[in-house]
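Coming up are structure 1 and structure 2: the same protein chain in two forms, each one given alone as structure tokens.
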Structure 1
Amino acid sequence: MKLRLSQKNALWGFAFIALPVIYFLFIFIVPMVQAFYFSVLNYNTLSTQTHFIGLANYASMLEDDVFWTAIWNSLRYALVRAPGVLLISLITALLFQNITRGKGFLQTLIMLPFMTSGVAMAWIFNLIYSRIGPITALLSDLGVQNPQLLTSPKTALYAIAAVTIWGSIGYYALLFTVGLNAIPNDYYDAAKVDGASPWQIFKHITIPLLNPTIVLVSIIAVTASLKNFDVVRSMAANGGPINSTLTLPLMIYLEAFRRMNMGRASAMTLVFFLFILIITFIQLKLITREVRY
């Protein structure tokens, strides 16, 4: 078949975009379609029967109190971790702006926990929080009765959040440092000439001009908090005590690989995806402001 030049060009065009299209289809779209397909089956690897059950997995999930506990725990975890890590990272980045000697060394040092495996970090903190660990000893000396942070339903989730905050300060501080370095010095010079105080400079120049970085970092921090699995799994095992550390990713894992209920786990995965999408959308709406230099 003889093709016209425009048709040949079109085919070449398709050939070039085929690679990224196939990549995205297989890496993103296919698993999603497959997850949706599994979510409407009673697909359990321990069962010999698999058949279509419609939205029954979604219905049973929404009726399950533990599922709502997991949603609430994920939110609590993100609400503590994301603002915590943003605030401390921003302060760290601002402090770095004023350091001249040993800056590179300190930045490397603060990045070390981020480069450490989450599982290794979790096990070290399991020891630190344990009955014979230094934190328990310190709290005990301060008069706290039986201060076992990881075994109390009231404190376990926050104790885990504290570990992940500590572990990711370096990464977020680095992002803030890049953002701060991108702000032109002219604005600071002009403000100083006009007699602005350090607080006024921070409030009226640094924060507004850093907004694109804040938006980016907060979306990354919230999403990472909601998705955190390795540290939670290593420190909370099965989400105990009494489901107080059962986050949604952990619940999905337990449903899929402990109860072998792939259908219900797939339904949870899709709901989790929507959950993150909605939160990210709300975040974008709330904190996006246009900035012009």
Structure 2
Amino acid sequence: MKLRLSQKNALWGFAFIALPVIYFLFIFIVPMVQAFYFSVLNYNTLSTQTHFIGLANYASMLEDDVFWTAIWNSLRYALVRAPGVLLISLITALLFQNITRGKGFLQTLIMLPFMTSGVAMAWIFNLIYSRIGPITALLSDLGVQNPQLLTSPKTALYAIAAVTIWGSIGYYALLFTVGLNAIPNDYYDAAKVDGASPWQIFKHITIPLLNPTIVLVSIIAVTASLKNFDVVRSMAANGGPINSTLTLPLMIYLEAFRRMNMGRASAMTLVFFLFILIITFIQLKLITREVRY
């Protein structure tokens, strides 16, 4: 049977759509279903036997104080990292708007930390934060007593967050730069003719028209903060001192690959997924608003 041109185009369209659908199915949906299956089993990777235990893994997880500590640490980490990297990246992108010479070189330079391996960056900052590192020497010169940032429960998580903020500025600044370049210059020219101050232009033109980019970047930043594992693992080992840097991804890793309790780790993974989903939904409700031109 000979197909018409429209039918051939439709078949090609379905063929191209099928590829990402199959990818999404096998990379996301199948592992999620498998994780739920593991979460209702007493599944130890060192044992050849498993048996159904229902919601016992979820019950023991919710009764574990360390689990709630990990939840709180993940929230603290995101509440520090996401606003910090967004603010600094937006300021950086605004500064780039006023640079004419060497702009490409500077943007490439600021992207280098983001392109660096998180593990490599963590080891570099382990040395910087160490007893013989420049940060410790500087704080000592300023009169701070025993400035061991990674060994104090009060500062360890924030010291790690500072590293990931520094490493992500280039990426988020690039996203903001794309959003700023998409704003027509006519709005700025009209505002200047009307005598608007730079702050008024920023408040009433830049921020409202940049809102779609802000929403996108905020969701990416918060999600990346909650999921961050490599830097936290490399700088905090097992979540010390005193579980002050134990985030939920790190706890899932320790449960699955140190304690070999894959069933309980799978239960934590599903709860973590719902946790990120709820946070993302709240973000969309709080920061999404209609912009009238």
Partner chain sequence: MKRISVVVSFIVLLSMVLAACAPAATPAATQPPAAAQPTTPPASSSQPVTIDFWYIPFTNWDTALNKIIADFQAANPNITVNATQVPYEDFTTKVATTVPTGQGPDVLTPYHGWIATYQKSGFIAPIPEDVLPTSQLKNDLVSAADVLVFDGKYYAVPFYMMDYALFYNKDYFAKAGITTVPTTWYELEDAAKKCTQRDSSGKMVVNGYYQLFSQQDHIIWKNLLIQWGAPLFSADYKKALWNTSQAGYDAWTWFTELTTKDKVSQPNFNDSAYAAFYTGQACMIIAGPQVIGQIKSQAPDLNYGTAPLVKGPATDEAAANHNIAQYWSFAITSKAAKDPAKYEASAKFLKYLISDAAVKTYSPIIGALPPTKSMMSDPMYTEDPYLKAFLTGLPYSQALFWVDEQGERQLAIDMGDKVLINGEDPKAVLDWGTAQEQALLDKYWAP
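The first residue in the sequence of structure 1 is number 1, and each one after it adds one. For clarity, every value in this text was computed on a predicted model and none was experimentally measured. Whichever C-alpha set is largest while still superposing within 1.5 Å between the two forms counts as the rigid core.
- Each structure shows the same chain on its own, and structure 1 is the form predicted together with the partner chain.
- Once both forms are overlaid on the rigid core, the distance between the two CA positions of A15 between structure 1 and structure 2 is 2 angstroms or more.
- Taking the rigid core as fixed, one finds a CA shift for Q34 smaller than 2 Å between structure 1 and structure 2.
- In the core-superposed comparison between structure 1 and structure 2, the C-alpha atom of F24 has shifted by at least 2 angstroms.
- Superposed on the rigid core, the forms differ at T48: its CA is offset by 4.6 Å between structure 1 and structure 2.
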